[in-house]
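What follows is a single chain, given as structure tokens, in the form predicted on its own.
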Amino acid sequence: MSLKKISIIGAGQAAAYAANEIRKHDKELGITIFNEENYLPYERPPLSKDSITNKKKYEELSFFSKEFYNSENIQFINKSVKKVDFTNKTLITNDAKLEPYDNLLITTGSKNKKLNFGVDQQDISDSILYLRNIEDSKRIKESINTHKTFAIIGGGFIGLEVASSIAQLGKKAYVIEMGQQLMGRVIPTQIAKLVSSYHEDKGNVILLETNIVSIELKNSVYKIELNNKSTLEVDFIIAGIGSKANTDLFENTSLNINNGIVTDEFCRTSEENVFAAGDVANFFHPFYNMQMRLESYQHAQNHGIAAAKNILGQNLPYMHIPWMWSDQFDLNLQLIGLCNDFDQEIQRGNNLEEGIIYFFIKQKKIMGACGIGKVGKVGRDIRLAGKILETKVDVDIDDIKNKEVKLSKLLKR
């Protein structure tokens, strides 16, 4: 018997592209997206960059128009799901209505980690800004437009992108990072140092190996005491200390959860007819022969499409190589593959004007690559590195180092 109805919990990029993919193959199947926000699914990368610096309007961020969803008969229900009954294949919404499904796709994404304040500092806790959605971005934008100095807690991509936007608008950011380098989990030290220097050249202050001892809010000014005995006074605090899979709805259920909803390479969860995609999924990657959870624009899109195909019974393993990027000022940083399993680290390029890429080699094969340069300078070689990685061909170290040797030639060997 053919499927009757697919329900999708969460209305981000994975949901939008899954619904679109399903419609490409089946015009009759019922599709319902449960959406807690009052926006159609939209791009999130501009929220820390182009939307804040007035290069892109919030109303321009939707992946597909309202007319598209109407013409393709994709239904939106602006309610939150409060419970999932896997046995009876039913969703229970916040108004206690029962919504049956035949197949369920979970795309609830990730949620911000929050700073831990005591009850005596609730006023400070409530006033700190985080970035997750359009409304958060609007609040941050308003604060930047009306104030001058900001503390950014966390030196990851989001914190640095917001700090970049702050500097571009003529204001100042103090980036407070407890680690030894910026973007410490995934980015090579050399690139982290270049990014740090670039921010400081543009007027921001980078504070590494720095912890906050206390925060006092008085007369609308935040007084931050640091572990190096110094004190900052700023107008606003914005936190970007990481995120975690948004699995709250499924805690204490039969669904297998371990750093996200555990799925196989076909996006299938431990529950029959239940799939998961995007940030929320801890999926098996056949190429790397391991479970992984990714938070990136491209992954959310590709994983949503893969889930749709497998809901329709195509049984296609998800094989996309991880790729992510960050734009800060006029710099573009890109990473492909995994950069934590290698026996050689090879540099290609010597300056930001032309682009610098670090290749991570293991047994003569590219495992990953990370590059930075002025916008448009590293993208092509990063893409080629990904293709070489996929083919598992042996590479010559001298060829990798030499920018006169085009990477495309390595694919033809």
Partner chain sequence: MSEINEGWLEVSEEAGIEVEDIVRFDHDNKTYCIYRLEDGYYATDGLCTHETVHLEDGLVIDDEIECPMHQGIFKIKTGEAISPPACVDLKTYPVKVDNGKIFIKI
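Positions refer to the first chain, counted from 1. Since we're looking at a predicted model, the values are computed, not measured.
The discussion below concerns the form predicted in complex with its partner chain, not included here.
Of the stretches 342-350, 28-36, 356-364, 378-386, only 378-386 has residues with a heavy atom within 4.5 Å of its partner chain in the predicted bound form. The closest non-hydrogen atom of W325 lies within 4.5 Å of its partner chain in the predicted bound form. By the criterion of a heavy atom within 4.5 Å, K4 is excluded from the residues contacting its partner chain in the predicted bound form. Within this chain, Y297 lines the site of its partner chain in the predicted bound form, having a heavy atom no more than 4.5 Å away. Contact between N112 and its partner chain in the predicted bound form is not found at the 4.5 Å heavy atom cutoff. Of the listed positions (Q168, N204, Q301, T247), a single one reaches within 4.5 angstroms of its partner chain by any non-hydrogen atom in the predicted bound form, namely Q301.
Site annotation in the predicted bound form: the residue of Q334, S164, T108, T269 reaching within 4.5 Å of its partner chain with a heavy atom is Q334. Highlighted residues Y17, D50 and K409: every one comes within 4.5 Å of its partner chain in the predicted bound form, counting any heavy atom.
Residues of 26-59 lying near its partner chain in the predicted bound form, listed in sequence order, are E43, D50, K56, the criterion being any heavy atom within 4.5 Å.
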